[in-house]
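Here we start with a single chain on its own, the form predicted on its own, put down as structure tokens.
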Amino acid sequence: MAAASGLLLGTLRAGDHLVLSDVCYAGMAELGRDTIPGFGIEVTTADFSNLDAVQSAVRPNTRLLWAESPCNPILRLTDIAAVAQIARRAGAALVVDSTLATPVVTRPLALGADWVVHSLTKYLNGHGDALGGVVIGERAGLAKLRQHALIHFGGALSPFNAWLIRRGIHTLSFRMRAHAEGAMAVAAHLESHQRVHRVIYPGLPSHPQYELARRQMTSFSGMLTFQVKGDGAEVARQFACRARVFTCAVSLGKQRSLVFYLPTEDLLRSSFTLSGPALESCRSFAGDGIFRVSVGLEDPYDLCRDLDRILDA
């Protein structure tokens, strides 16, 4: 969030306009809804999977478009190259939060984005033991951001956190390969399970944007969501009581596999407060009551057996 707020407040001024993805990391959603407008910056949310919606949200004073791909938690994708063209025509810059993809899976700058942000806490660190964020961009823009946002807002990494994250980055490419392979195995297994209603994973042909994923991503990362038939809250309780390999917890990108149940009404009420078309768009894409899974580095066979133990109960 220091990286996100530093980039926003370091580049936007009162009177500027931000177009923000209508579904994104909860902290970013809250920042855009509750904090940024207090600085005199106008904010409009849009479904970034819908190019017409993004284009319609752009105004003469638009300075930034903020996408997240895949977005958290529903794993909806943004066509980064196409949105970059929209931003360029408007004289605005495109920011992509690529935390769930990592630089191994998607390279937004090569697709036309101006800025990229990552939560270093997640995949890039990979061990769940350090907090951090990063802003990536061209050298001149970063120098200005450093001189203003970093110095005046104080969002600097501690040396030890930086050391831990650098340690994790050394193994990033190998870990992402294992995360993606494990997630594909788990997603395919879940999709064939009689208790599962729907699985959303960019690497499955059933994902609504599968062709975009194949074009834009070099692999499909380690995040997936699924819905169960029946009472999701009861299945969540079974996870808490019976899981042996999965850990019931938030966060993602660690060596351990994590699962967390997100009741749609609670999620929308607490963080996103979506309504009208935005709410229906979210529901039509991900459904009501989803399990968000971060597949770790365990053997996929063990993960699938753990899922069966819970879903077959």
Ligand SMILES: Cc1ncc(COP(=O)(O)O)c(C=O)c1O
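The first residue of the shown sequence is 1; numbering continues from there. Everything numeric here is computed off the predicted structure, so don't read it as measured data.
Quick note: we don't show the form predicted together with the named molecule, though the next part is all about it.
Q: May I ask you to choose, among 132, 168, 182, 232, the residue with a heavy atom within 4.5 Å of the named molecule in the predicted bound form?
A: That would be 132.
Q: With the named molecule left out of view, which of 29, 41, 252, 57 would have a heavy atom within 4.5 Å of it in the predicted bound form?
A: Looking at 29, 41, 252, 57 one by one, just 252 meets the 4.5 Å heavy-atom criterion.
Q: How about residue 122: is it within 4.5 Å of the named molecule in the predicted bound form, going by heavy atoms?
A: Result yes; residue 122 sits at the interface with the named molecule in the predicted bound form.
Q: How about residue 1 - does it come within 4.5 Å of the named molecule in the predicted bound form, if we only consider non-hydrogen atoms?
A: Yes, residue 1 sits close enough to the named molecule in the predicted bound form that at least one of its heavy atoms falls within 4.5 Å.
Q: With a cut-off of 4.5 Å between heavy atoms, is residue 291 one of the residues that contacts the named molecule in the predicted bound form?
A: Although the named molecule is absent here, residue 291 would stay clear of it in the predicted bound form, with no heavy atoms inside 4.5 Å.
Q: Using a 4.5 angstroms cut-off on non-hydrogen atoms, would residue 100 count as touching the named molecule in the predicted bound form?
A: Close contact exists here: in the predicted bound form, residue 100 approaches the named molecule to within 4.5 Å, heavy atoms only.
Q: In terms of non-hydrogen atoms within 4.5 angstroms, which of the given stretches 208-216, 68-76, 142-150, 171-179 touches the named molecule in the predicted bound form?
A: The contacting stretch here is 68-76.
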